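In the block that follows, a single chain appears as structure tokens, in the form predicted on its own.
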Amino acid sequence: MDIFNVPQGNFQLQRFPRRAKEALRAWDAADEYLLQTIAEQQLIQPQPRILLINDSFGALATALAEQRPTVVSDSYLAHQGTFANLQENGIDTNRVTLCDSLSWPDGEFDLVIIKIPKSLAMLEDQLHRLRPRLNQQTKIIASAMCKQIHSSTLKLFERIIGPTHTSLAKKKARLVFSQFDQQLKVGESPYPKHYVLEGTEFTLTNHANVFSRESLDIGTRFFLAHLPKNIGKGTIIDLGCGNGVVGLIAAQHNPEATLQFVDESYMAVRSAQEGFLTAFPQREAQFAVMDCLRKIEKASVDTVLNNPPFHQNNVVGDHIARQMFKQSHRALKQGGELWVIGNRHLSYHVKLKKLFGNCEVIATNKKFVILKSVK
């Protein structure tokens, strides 16, 4: 476990989910720069209302817990990581209020701290939601590694919040300072977005943090063309559901099946829910924000459909896919099936065959492969 040394104190922090021999820290240089600047400039006033946005593993919330901050995140894992790190440091978890990305707190704030997200659309949506919670005295400070801050990033702050400038770089990190301009004519947020799925009458809902908001990506399109159609009254889970299009088409192919949509993104699950209920208003389904299938009962599922992500925040790797495969194996009934699509070079077939003892290629093209493993 690593020690996070900042002016606010020394804290033991870990990434979440916790993994043996974790080589990556639960914070970055942008977190350090941000907290040092807050202390140096004395930005925290007595009895402040502090809003933290996009705190990945709770590093900022843990360091500022004495000030009882409110934390907004779209990530279930970020919430769980925050709780775990607070507990690890003996801090009462009630000192931090957690809100999801669709349930923002009421009232105005004195200090707003933003970790700039990878997605410009997500940042745009968040700045729109933030604006009604600002006043002329609110201090707004954002941070990220330099490679994540572009001219388009600064233009969003200027267009939605007000005058914006950046700090000098420090350890490849940079800060963004923005001043609320009450006179700006901003308009409404463009999110969520909607489009009709080609070849169907289904309208997909896409909140700002959903992958491929404007149209269907080529991997998912390939997967949809080969989904199973013989599940009967079984249970189908769309794991890592995004906007829920895979589960939606699986439901169309299997009218007697029970659908469950699972993702760690609150915006993804809400998108899936809105799209499914629009397409099948009389049909029941379950929608859950969770860490993979951790809360799903053992040996209770007939089919899992999975297009696993190969990154967490800005870290690329197959650890999420491996976790999804293991938890799918646990959740599936004997004879249950895991269907996976991935880029050919990721070699998911090796991992699946080792875990399940079998792996069948359902379809392949130059870029993608669809695999099936049976428990």
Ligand SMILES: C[S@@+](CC[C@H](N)C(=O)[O-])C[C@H]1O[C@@H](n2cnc3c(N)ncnc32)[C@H](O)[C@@H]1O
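Note that the coordinates shown come from a computational prediction; the quantities given were computed from them, not determined experimentally. In case it trips you up, residue 1 is the first one in the sequence shown, and so on.
Same protein, other form: the form predicted in complex with the named molecule, not shown, and the subject of what follows.
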As a check of understanding, the residue in Ile160, Leu130, Val246, Leu259 with any heavy atom within 4.5 Å of the named molecule in the predicted complex should be identified as Val246
State the residue from Glu124, Glu88, Glu274, Asp291 whose non-hydrogen atoms include one within 4.5 Å of the named molecule in the predicted complex.
Asp291
Partner contact check in the predicted complex: of 132-140, 301-309, 115-123, 151-159, the stretch with a heavy atom within 4.5 Å of the named molecule is 301-309
Should the three residues Gly242, Asp263 and Ile320 be counted as contacting the named molecule in the predicted complex, with contact defined as a heavy atom within 4.5 Å for each?
yes
Could you confirm whether Leu77 comes within 4.5 Å of the named molecule in the predicted complex, counting heavy atoms only?
yes
Tell me, yes or no, whether Met324 is in contact with the named molecule in the predicted complex, where a contact means a heavy atom of each within 4.5 Å.
yes
Although the named molecule is absent from this view, report whether Phe211 comes within 4.5 Å of it in the predicted complex, heavy atoms only.
yes
Any chance Thr220 has a heavy atom within 4.5 Å of the named molecule in the predicted complex?
yes
